[in-house]
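Coming up is one lone chain in structure tokens, specifically the form predicted alone.
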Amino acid sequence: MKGRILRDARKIFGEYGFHGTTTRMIAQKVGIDISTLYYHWGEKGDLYEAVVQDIFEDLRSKLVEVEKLIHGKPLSDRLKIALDIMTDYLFDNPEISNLTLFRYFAKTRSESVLEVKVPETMGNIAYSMGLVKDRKSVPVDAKIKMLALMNSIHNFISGESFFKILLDVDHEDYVKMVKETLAFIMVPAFGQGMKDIKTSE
């Protein structure tokens, strides 16, 4: 039951954000009384924090999986494979992008243990992409490049309904175009970034 509540809460919070979601909406989605929801998760804020942490752990696990797949391949191949897999994964789980944007761009954002974990994840991504040689020592310029990459993907996912109307395409074509566009922009950009690192060494 606790897991069912968490799974459905992810979808509801991902669609409506923290303030737009009520415990009644979550309980109704799960098919339980509000008292049952409170019994398992306490207040709405406690459930929301659990959802955010659950999403972060899922995302971190997926990135570890991708890193294993791309390890040792040429940089352009690593980028293309990583972008392809992560874009599919986030389109399948849009609440991750939605909640990431809700969480980090809302003025009412509260402090969280994730503020400690996110830089570690960014370091792992920077290392996988070949921007740094040490995943524990990531300079600010590499972090901002990671943010550009992550925000590009999240915005395409979260803005799908609006962007599809602008482009007049269906979901399948939109996903294909997003992947092609991300590869078109990011693969040469990160490839140049790696050349710059080698040149400065």
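Everything numeric in this text was worked out from a predicted model, so none of it was measured. One rule holds for the numbers: they count along the sequence shown, beginning at 1.
Not on display, but discussed next: the form predicted in complex with the DNA.
Contact annotation: E57 falls outside 4.5 Å of the DNA in the model of the complex, judged by heavy atom distances. The DNA is not drawn, but in the model of the complex it has a heavy atom within 4.5 Å of D33. Contact check for D168: no non-hydrogen atom falls within 4.5 Å of the DNA in the model of the complex. Although the partner is absent here, F163 is not a contact residue: none of its heavy atoms lies within 4.5 angstroms of the DNA in the model of the complex.
The stretch that touches the DNA in the model of the complex, counting heavy atoms within 4.5 Å, is 23-31, out of 23-31, 49-57, 62-70, 172-180. Contacts of stretch 34-69 with the DNA in the model of the complex, defined by any heavy atom lying within 4.5 Å, are made by I34, S35, T36, Y38, Y39, H40, E43, K44, listed in sequence order.
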